[in-house]
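First, one chain by itself in structure tokens, the form predicted alone.
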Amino acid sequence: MNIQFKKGVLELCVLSLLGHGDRYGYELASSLSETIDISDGTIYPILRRLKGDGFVTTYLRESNEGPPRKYYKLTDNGDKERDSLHGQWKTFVTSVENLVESEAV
């Protein structure tokens, strides 16, 4: 898949996954990589930016498999941002599909 396509939608994907529950970084990367070809380190800059923007918070949770894990939790503002990005994404996809389909005829 074109890397530019992925760049624009990863923030929405991360916020959407967090909308289903708190997750730690590697868990998010693994979930995303099941659908989108990304490397594990791709989402950490996105998570830092989302935290800086107040869209997620973090907390540590003990792990049976090593040191405590940093979990990411969607804030109320993050929930609103996810909804906004989702609406923008749907509008964008519809516009592109309309353009591509009209050119195909």
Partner chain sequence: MNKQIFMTQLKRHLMPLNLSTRQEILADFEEHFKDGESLGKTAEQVAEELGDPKQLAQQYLTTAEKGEKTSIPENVGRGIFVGLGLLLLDAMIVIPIVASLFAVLISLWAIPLSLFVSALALFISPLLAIFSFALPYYLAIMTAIALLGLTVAMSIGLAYLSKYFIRFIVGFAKMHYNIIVGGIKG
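Since this is a predicted model, take the numbers as computed values, not measurements. Numbering follows the first chain given and starts at 1.
The protein also exists as the form predicted in complex with the partner chain; that form is not presented, and the subsequent description refers to it.
In the predicted bound form, the partner chain lies farther than 4.5 Å from every heavy atom of Thr35. Proximity of Lys80 to the partner chain in the predicted bound form falls outside the 4.5 Å heavy atom cutoff. The closest heavy atom approach of Arg69 to the partner chain in the predicted bound form falls within 4.5 Å.
In the predicted bound form, no heavy atom of Lys73 sits within 4.5 Å of the partner chain.
Within 4.5 angstroms of the partner chain in the predicted bound form, the stretch 26 to 50 places a non-hydrogen atom from each of Tyr26, Ala29, Ser39, Asp40, Gly41, Thr42, Tyr44, Pro45, Arg48, Arg49, taken in sequence order.
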